[in-house]
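Listed next as structure tokens is one chain, alone, in the form predicted on its own.
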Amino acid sequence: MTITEILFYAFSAVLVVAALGVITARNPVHAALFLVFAFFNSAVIWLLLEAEFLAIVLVLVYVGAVMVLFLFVVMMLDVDLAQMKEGFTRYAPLGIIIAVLVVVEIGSVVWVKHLGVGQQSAAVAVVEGYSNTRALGELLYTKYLYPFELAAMVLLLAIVAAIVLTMRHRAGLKAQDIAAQVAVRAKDRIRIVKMDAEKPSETSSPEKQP
């Protein structure tokens, strides 16, 4: 067994432990941190398989953006754990059935020989000067150009839809008009009133009052 295989099994075991921590942690923040740890181990496995681009994208996109957003949302929201656990027993049978189905599907992928999983025991050695990023770019912009552009259009549509939903007019919503704020003048907002100085009367003085 080579050092690469030892590292692969080691990081895979840590990945499984981190994944179990995601679904067993009682605190949502701890579950999100376990998921970050699982992403890091997945990125290391991608590096061992010589998929450098996928590894760095996994770290930058999921760990650096998505999971940070999850952590901010979880920490800012007041999550009532007691209310979340109220319907646990009611949905427990459905969860167990889904878990069993997932385990069966994973077992079929790993152990069934006709799927081709067992025909290759190790990663194929690449030639010198091979670039995984360049090969992936050539596939995306040649063979899979139209699916790639279609996925980009779907994501763009999702971004526009999110902006439209946040900018829709609702009752009591105060929208900010940047152009009106920039064009405002001081004399339109501030009025200076000149008044003569007056002395307080003796009857209104606090010392004279009974």
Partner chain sequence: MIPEIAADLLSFLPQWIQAIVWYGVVAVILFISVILIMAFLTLAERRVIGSIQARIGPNRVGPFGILQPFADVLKLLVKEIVIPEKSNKFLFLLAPLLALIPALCTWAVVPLWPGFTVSSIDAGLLYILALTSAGVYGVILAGWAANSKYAFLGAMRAAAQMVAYEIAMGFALVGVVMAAGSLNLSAIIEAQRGVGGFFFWWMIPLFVVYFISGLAETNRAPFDVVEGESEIVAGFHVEYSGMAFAVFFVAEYVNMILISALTAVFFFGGWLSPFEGWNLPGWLAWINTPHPLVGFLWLFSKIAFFLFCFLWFRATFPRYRYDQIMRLGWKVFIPVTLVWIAVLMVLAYCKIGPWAG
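Positions refer to the first chain, counted from 1. Every value quoted in this text rests on a predicted model; they were computed, and no experiment measured them.
Below, we refer to the form predicted in complex with its partner chain, which is not included among the displayed structures.
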Contact label in the predicted bound form: Ile96 to its partner chain, heavy atom within 4.5 Å: no
Contact flag, Met67 vs its partner chain in the predicted bound form, heavy atom cut 4.5 Å: yes
is_contact(Glu50, its partner chain) in the predicted bound form, heavy atom dist at most 4.5 Å: no
4.5 Å heavy atom contact, Leu60 and its partner chain in the predicted bound form: yes
